[in-house]
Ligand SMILES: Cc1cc2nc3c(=O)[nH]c(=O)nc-3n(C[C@H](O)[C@H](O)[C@H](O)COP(=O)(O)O)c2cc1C
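Presented below, as structure tokens, is a lone chain in the form predicted on its own.
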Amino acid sequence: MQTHKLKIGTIELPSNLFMAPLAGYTNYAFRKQCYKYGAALAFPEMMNARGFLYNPKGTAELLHTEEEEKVKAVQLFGKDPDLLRRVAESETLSYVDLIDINMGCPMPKIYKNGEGSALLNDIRLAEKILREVKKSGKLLSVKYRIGVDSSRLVTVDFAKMCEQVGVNMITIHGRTRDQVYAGEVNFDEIARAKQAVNIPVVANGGVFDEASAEKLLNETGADGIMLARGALYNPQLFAILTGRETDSKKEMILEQLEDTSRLFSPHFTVVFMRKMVAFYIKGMYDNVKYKERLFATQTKEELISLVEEIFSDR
């Protein structure tokens, strides 16, 4: 697959491949793997602007970053324009280069609160939010969906609004809110938005291998693509797309385990890495026999021993 550098405002990224923010997963230890294998920019977990402002200590682990992340980015969600601006201007985020505003999350709790994809119903409020956050002086991007449902597609109008406000990049998930993460990705809607604006457009949705990545890029004409669940199951998908060398799964897992244990508590490390190993062995012909034992592990040492056993002859 052909990748290329991508400029976002004043920043030039080494490629046009992105890792989406995924709640409960895209901590620094996972993002480090994405960068190792070729991601140009990997987002930390989406953060609630209100919770961030009133409980900054609770977001410290989510914000952890190190030298591998050349471009520092965060994704925020909320519906209060003034609050989002204050968070963007806060001392805690003084190190951040780019702020992404989530206007696409389909989860019921967020939608019912008027946040995430609910903002697709109120383009005036969405515009006000973006104008306020833009005052922070940071680079600004937006991630949104093509509409709430198929009868209310807003892809092009939303893209034009973002460009007029001064947004530096948009990422479009090619599904409606009611599709959640299932169903066909609407390539045409992303393509129409790409043709309507001059800012970088990143396409998101349905990438699990090289073929689906190339199809998303070619069918939409987008400037880049954002991976989500496909990379969660296999961070080395970035290496496949960029032509980099891959490692053995065992090596990848043990490296991530060490980074996770360095950054988090022993309990969190085991619970988190049990989930990750389950993703990484999915599809192996004998994975079922290991899963019960995997989720029974209680210590880092037990987890390492089981990983060594699983991959002993692979």
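Start at 1 and count along the sequence shown; that's the residue number. This is a predicted model, so every value here is computed, not measured.
One more form of this protein should be noted, the form predicted in complex with the ligand, which is absent from this view; the next part is about it.
Interface stretch in the predicted complex with the ligand - options 242-250, 43-51, 66-74, 268-276, non-hydrogen atom within 4.5 Å = Stretch 43-51 is the one.
Heavy atom within 4.5 Å of the ligand in the predicted complex: which of 159, 207, 222, 169?
-> When the ligand is considered in the predicted complex, the option within 4.5 Å is 207.
With the ligand left out of view, choose which of 83, 197, 228, 148 has a non-hydrogen atom within 4.5 angstroms of it in the predicted complex.
-> The residue in contact is 228.
Examine residue 304 and determine whether its closest non-hydrogen atom to the ligand in the predicted complex is within 4.5 angstroms.
-> So residue 304 does not count as contacting the ligand.
With the cut-off set at 4.5 Å between non-hydrogen atoms, does residue 22 touch the ligand in the predicted complex?
-> Residue 22: contacts the ligand in the predicted complex.
Applying a 4.5 Å heavy atom distance criterion, does residue 102 contact the ligand in the predicted complex?
-> Answer yes; at least one heavy atom of residue 102 falls within 4.5 Å of the ligand in the predicted complex.
Could you confirm whether residue 177 comes within 4.5 Å of the ligand in the predicted complex, counting heavy atoms only?
-> Flag for residue 177 set to no.
Stretch 117-149 - residues with a heavy atom within 4.5 Å of the ligand in the predicted complex = Heavy-atom contacts within 4.5 Å come from 143 alone.
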